[in-house]
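Laid out below as structure tokens are two forms of one and the same protein chain, each shown alone and named structure 1 and structure 2.
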Structure 1
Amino acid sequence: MKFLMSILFVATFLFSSDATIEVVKKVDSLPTLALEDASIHTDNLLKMKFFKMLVADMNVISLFNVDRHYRNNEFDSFKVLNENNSMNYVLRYNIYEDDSKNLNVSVKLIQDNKTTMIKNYKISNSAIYMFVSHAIAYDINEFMGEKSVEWMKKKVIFSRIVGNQKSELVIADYTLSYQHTIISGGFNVFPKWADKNQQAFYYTSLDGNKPVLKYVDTQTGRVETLLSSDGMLICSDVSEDGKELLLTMAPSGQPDVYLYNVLSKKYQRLTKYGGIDVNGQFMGKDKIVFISERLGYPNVFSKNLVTNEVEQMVYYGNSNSSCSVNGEYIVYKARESSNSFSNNTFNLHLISTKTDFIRRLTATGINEFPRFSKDGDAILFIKNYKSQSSIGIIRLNHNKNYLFPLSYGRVQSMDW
């Protein structure tokens, strides 16, 4: 019996270390958390917005079963409300404006009527209150000793289609509660952050006779035209140090993956197949992953840049037309039927280059353009379902998905 239990323990440990194995956490097994608002002189609309955002963020970190009831209490009260006595944790907060018109938020995390964590936050503009909520969730996740959710504090940049050959480039938080249109007018697509600090980005302009790749410095407003190409020109990935780009270009009519050096402004062709090779992604220092039709349909391949060896990476799905890479893991989009002309569901799947396991991550609608967070903890993706366009978050280790719908338009592509 002891031997059998040991085998089961080892098997469980091995499975839990592989993100392709589905991890199911029962909601009832999570500790409960309630919120108490101690704000007094704050606008009621802002109070309700902040409460809803904080509930959403605390749900997304997936550590608690969050109570959605809105309740008030005094910030310095020694006891939680009677309604919250049965809760494992209470998060109490106070929103107030100081003499300099800065928005301040004081926070207490309470367990058994004892304060276990206290922090203060300050921002100069109440319109970006959601980033305070994200920071609170991040700090509580850190306090609880969980894997970092640094991605919650990052910004998302996306292209929103608003009309025929018309789009907007928008910078947002991951919930789309904050949205700032940074470029409007014309047809601009495929934005890509240029650095870890998210202070610049690339995008493709389709307003002229040829696609043009542009660079925008968000701090200074400087816009630089890098190059143009016949047929197609997309920046699909940026190296870890920001010095190299993977581009899809078709200067001779056939799309291929190119490596572009930011400093020298020179590029070299990496794929030379007679068909379509697109959407290159860096996979370590000397390897890329890309989409190719060399099997007669789109699928995921890798290429070793030292040996030039090309390898098929995915053996499940039809029309596997987009992907993202993080370490040994690849997430890709696959059509769920073999009929190219029928209404289809496109789902996201996760594979490991070290195992044969495949994990399906979505179930309905058209799910596409997956993007790993830098730490691999989460996947951002676009979901189109019943005329609604949304940005979704997949928490891999918690087996949970969250959707944040767009109020208007359709998301064409995005990065974070």
Structure 2
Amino acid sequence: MKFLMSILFVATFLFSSDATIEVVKKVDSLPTLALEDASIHTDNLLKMKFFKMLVADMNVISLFNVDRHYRNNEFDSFKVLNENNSMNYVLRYNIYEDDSKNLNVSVKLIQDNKTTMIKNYKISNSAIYMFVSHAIAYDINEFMGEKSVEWMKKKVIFSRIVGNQKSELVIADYTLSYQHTIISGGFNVFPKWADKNQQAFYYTSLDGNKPVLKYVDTQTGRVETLLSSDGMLICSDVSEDGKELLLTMAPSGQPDVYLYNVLSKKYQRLTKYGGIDVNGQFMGKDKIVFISERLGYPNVFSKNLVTNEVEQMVYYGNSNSSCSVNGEYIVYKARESSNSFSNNTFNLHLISTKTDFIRRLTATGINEFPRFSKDGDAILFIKNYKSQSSIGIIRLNHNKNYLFPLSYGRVQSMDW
């Protein structure tokens, strides 16, 4: 499968002076960086795909104004190309195959015609070249002394609808350019990584008469059935230590948020409203955030598990039907038009529990599935705009969104 890569820049709005969401760098003032391909490898298609991926990754780390011209140079040349003389940095790389058919990539970061960083990378399968590109971007970000972009190396798991009551579970890199179907041939939805190591995941199987929650260990291939519930059963969130889950379950037809202990296999009902309570998210040790329609429309609420106090968290948006939590921050999806149909806009918004500010993170189209990175530095989401679906990444501290068009299929749910 070919995946065509391009980058779009979407302006976002900033309403907040909150320290952690402050814009720390302006595009104009970023240093310039150009790439020079010095590859010995003869596969021109691979070379071009690698170049595009590397341009994308270097953009996403948001430290450079990246030149998008594809140019060649000798890897050991003492001088950068004339066209790149005015650049602050040049990233020169050489892709080559060794005797064992491994794909090797050597990289030099050059500043003022002096090499400031050299690194070598090796993979056995050229189909996963994008992970080398992500690793290079990660290392350059470290070299520049910036806050870690560990999330670049994390894997995304998502369910893709391929037909009526048919879906696939797919593991991908953060741009979804690498895709590996791990479960196919059933109706499986809402995959969720079981822990930080991303070596196991939960998902809901809808193949039987009742929804069933399953656990898959990707290292051993072991599949375990955890529990089933009439109506619906979804793993909404996994605690930091992986020992507790927030489930949306409806044993008597009534969707509520439940706390499930992985070790004791016991669960406890946390919400008791007679309408819809879903999408539970852990917020610290004693609090959960969830979506409820207790005011007649879906909105974001929190519940203190010690005092049982329920609090409305969001006062903006007609219909706020999903959310993701990291620390004190909540990103949520809001319907921003009152039309039931046509030109409906769903935008993502960020709030802090400590301030009254609301920051809109997207501007056009239908934006959904917001997912914080574990460190809260970035938000992954899906954008549908003018019959094109893309995966987006929001760099909160850099006030930038990047979009990577999706090739096929409809994303049902994803986790990062």
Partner chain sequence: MKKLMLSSAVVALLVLSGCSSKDVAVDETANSKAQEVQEVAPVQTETLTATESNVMQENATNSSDSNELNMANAEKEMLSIYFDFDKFQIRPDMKEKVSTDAAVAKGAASAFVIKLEGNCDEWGSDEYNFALGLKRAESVKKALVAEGVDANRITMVSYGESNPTCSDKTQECWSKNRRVDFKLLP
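Under this definition, the rigid core comprises the largest set of C-alpha atoms superposing within 1.5 Å between the forms. Residue 1 is the first residue of structure 1, and the numbers go on in sequence order from there. Source: prediction; values computed, not measured.
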Selected structure - the one that is the form predicted together with its partner chain: 2
message: Rigid core superposed, CA of residue 355 - does it shift 2 Å or more between the two structures?
response: no
- prompt: Can a Cα shift of no less than 2 Å be assigned to residue 373 between the two structures, given superposition on the rigid core?
  reply: no
field: Distance moved by the residue 386 C-alpha between the two structures (core-aligned, Å)
entry: 2.6
